[in-house]
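In the form predicted on its own, a lone chain appears below as structure tokens.
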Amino acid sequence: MQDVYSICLMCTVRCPIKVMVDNDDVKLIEGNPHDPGIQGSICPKGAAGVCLLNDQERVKKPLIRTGPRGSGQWREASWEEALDYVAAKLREIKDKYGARGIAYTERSQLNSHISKTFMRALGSPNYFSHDSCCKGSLNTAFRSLTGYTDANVGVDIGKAKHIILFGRNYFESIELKAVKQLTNALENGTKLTYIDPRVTVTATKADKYLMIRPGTDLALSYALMNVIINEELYDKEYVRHWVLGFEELKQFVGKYTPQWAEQQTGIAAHEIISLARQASAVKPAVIFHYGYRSAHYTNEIYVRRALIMLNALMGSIEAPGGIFFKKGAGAVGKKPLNKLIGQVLPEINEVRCDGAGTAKLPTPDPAHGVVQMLPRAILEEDPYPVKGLIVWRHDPLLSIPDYENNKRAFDKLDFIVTIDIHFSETAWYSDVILPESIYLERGDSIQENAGLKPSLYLRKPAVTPRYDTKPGWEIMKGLADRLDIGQYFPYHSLDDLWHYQLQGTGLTLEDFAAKGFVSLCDEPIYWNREDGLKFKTPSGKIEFVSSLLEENGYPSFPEYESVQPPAEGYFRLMIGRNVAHTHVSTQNNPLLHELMPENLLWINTEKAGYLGIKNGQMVKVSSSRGQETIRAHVTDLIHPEAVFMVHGFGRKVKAQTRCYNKGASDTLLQENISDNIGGSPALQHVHVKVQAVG
């Protein structure tokens, strides 16, 4: 038996793993026992990687479409033919519409420096990652306050004394290291307060659960700030030294009392006062978690900003037990990894098709783009026609709200090529599918894992590919060579790519052999809170009054607008995750499908009774965008104004036989409406009607 140390890719967390291999077959996958944050543990998704490897329903060969889009009519092709075909189509579009007529979208990954380089070399500004749909407004909120993106920030769970989670569902989203840290912290006395319209698994672990009216998180945050400031519970020295705009905030939140917030949120005023006092009593070792994939509304950036500001009032930003800025190799005097995007590349002067970085969308991060704007740009050809789309490890048809509108946009494209491991909805609707080897069959670019203790991790191939597939970095190189931009991709093999990245770092591949990773320091690195905090804002401080927002015509502190309840028979549709599945990518995995074959619609017991809906009964859910049928889960554990379903079900691709037509698609019901200041789609904006079937 051979042990191969690598990195999981059953979700985007990328936990370090040990793959036990015998005779070119994977016998077992465990967490990497050498990693002190993992200690051999694995989640259900990680363990199910073996099923993915041997899944007969993966894409096995390059495919070229022969029938109408979405018909499932394909012919197999050799790699040479498929790459030649794709390159010729992309060249046709470039010649007719310019390079800007080609857009690219992916789920951010270890090879993103390759795909960004590809688009820069091609001459198109239209690189998109999935980030805006996941956390675009959080990114903008952090930049508006600290100058850093959310990707530069982490939470020091292990040393926190009180953690407040606004819908951050740690125990069902399964970030293994964080879950283990949180579990240990709770056993050692850390208090946990959980706030959500729904009782999640994380809620059941909390010392205090507060059920909040959906959409009112900002009201609660304003009231918490009101108490903390009025009772002078904040860290005065930290605020005096590092915060710009405290007096303006103090004046602003004066009217947002706990009694006012009780009317908005449904949370009793005394509970709000108690939470503010309890959190302040242990400052700065307190975390008001800023959240992911929760509270997605049109005012989301201000929800995220308020949560980060609560941390600043606690003095917990860059404090043990609080929020910290991630440190990379440079922080310990090491040379960072080389990335292809660091080369001298052609300058691009074209504006982005989504408007990010222009007067249309001045504050969302143009480095990632606002991918949910892509369908509109394609349909309206504004500011110019986009006719080609390259997709790598992303399923925009199912990730961008309003499924039918997404299909109409794709119908206007001259060409779609998808690089994927399975028949995603987008792959099924493409002109060409280029099948990628899965993470157990391939290596990828080395991961630079920034944090309190920066380190480097290696994904290595554990077994040979089961089908006629290739690594994505090799596919991109093949396309680049055919498009006469191959000079920006100076590798011919995985070893070439790794050596390119390690050049000048003083490290070699042998340094990874024993444990699969290299630690760059032994002790956690915190900046000096007295004079060493390195905020990247123009003022060098945490900008409660934000130069980014104010200079673009947006207020730093918007007045609160009351959230109106849904009309009779309607509910706000909330979505979320489950421990068994990752977004839209694992529903057809044999093992994970067995664990959770369909999603359910959570609906409040009293409301269900009024509508004549019984537990387990099929119901019709309809919105302004479409309708779906799903099984009801009648429960007291959800707010009466909301219904809930897990994201990613209701699949339409027959080739994925296990998950085909199982459950309901949230994407089909959602409206494509965004927080245009922050950049995220308002995924929980839509109201749906629920009716019993039969």
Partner chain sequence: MSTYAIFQDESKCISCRSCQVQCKINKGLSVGPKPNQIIEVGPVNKDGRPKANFVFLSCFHCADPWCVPACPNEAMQKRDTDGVIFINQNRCAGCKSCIMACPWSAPQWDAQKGKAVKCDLCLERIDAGLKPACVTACPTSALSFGPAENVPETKRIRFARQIVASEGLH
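Positions refer to the first chain, counted from 1. Quantities reported herein were computed from a predicted structural model and do not represent experimental measurements.
Not on display, but discussed next: the form predicted in complex with its partner chain.
Asker: Quick one: find which of 326-334, 251-259, 169-177, 489-497 has residues within 4.5 Å of its partner chain in the predicted bound form by heavy atom distance.
Answerer: That would be stretch 169-177.
Asker: May I ask you to choose, among 632, 646, 47, 59, the residue with a heavy atom within 4.5 Å of its partner chain in the predicted bound form?
Answerer: Result of the distance check: 47.
Asker: Pick from 384, 467, 209, 526: which residue has any heavy atom within 4.5 angstroms of its partner chain in the predicted bound form?
Answerer: Of the candidates 384, 467, 209, 526, 209 is the one lying within 4.5 Å of its partner chain in the predicted bound form.
Asker: Tell me whether 241, 537 and 551, taken together, all sit within 4.5 Å of its partner chain in the predicted bound form, counting heavy atoms only.
Answerer: No, none of the three is in contact.
Asker: Can you work out whether residue 204 and its partner chain are in contact in the predicted bound form, taking contact to mean some heavy atom pair no more than 4.5 Å apart?
Answerer: The answer is yes: residue 204 has a heavy atom within 4.5 Å of its partner chain.
Asker: Test of understanding: in the predicted bound form, would residue 64 fall inside 4.5 Å of its partner chain by heavy atoms?
Answerer: Looking in the predicted bound form, residue contacts with its partner chain do not include residue 64, since no heavy atom lies within 4.5 Å.
Asker: Does any heavy atom of residue 72 come within 4.5 Å of a heavy atom of its partner chain in the predicted bound form?
Answerer: The answer is no: residue 72 has no heavy atom within 4.5 Å of its partner chain.
Asker: Can you tell me whether residue 199 touches its partner chain? I mean in the predicted bound form, with a 4.5 angstroms heavy atom cut-off.
Answerer: Yes, residue 199 lies within 4.5 Å of its partner chain in the predicted bound form.
Asker: Is any part of 588-615 within 4.5 angstroms of its partner chain in the predicted bound form by a non-hydrogen atom, and which residues would that be?
Answerer: Going through 588-615 in order - heavy atoms within 4.5 Å of its partner chain in the predicted bound form - the hits are 590, 591, 594, 595.
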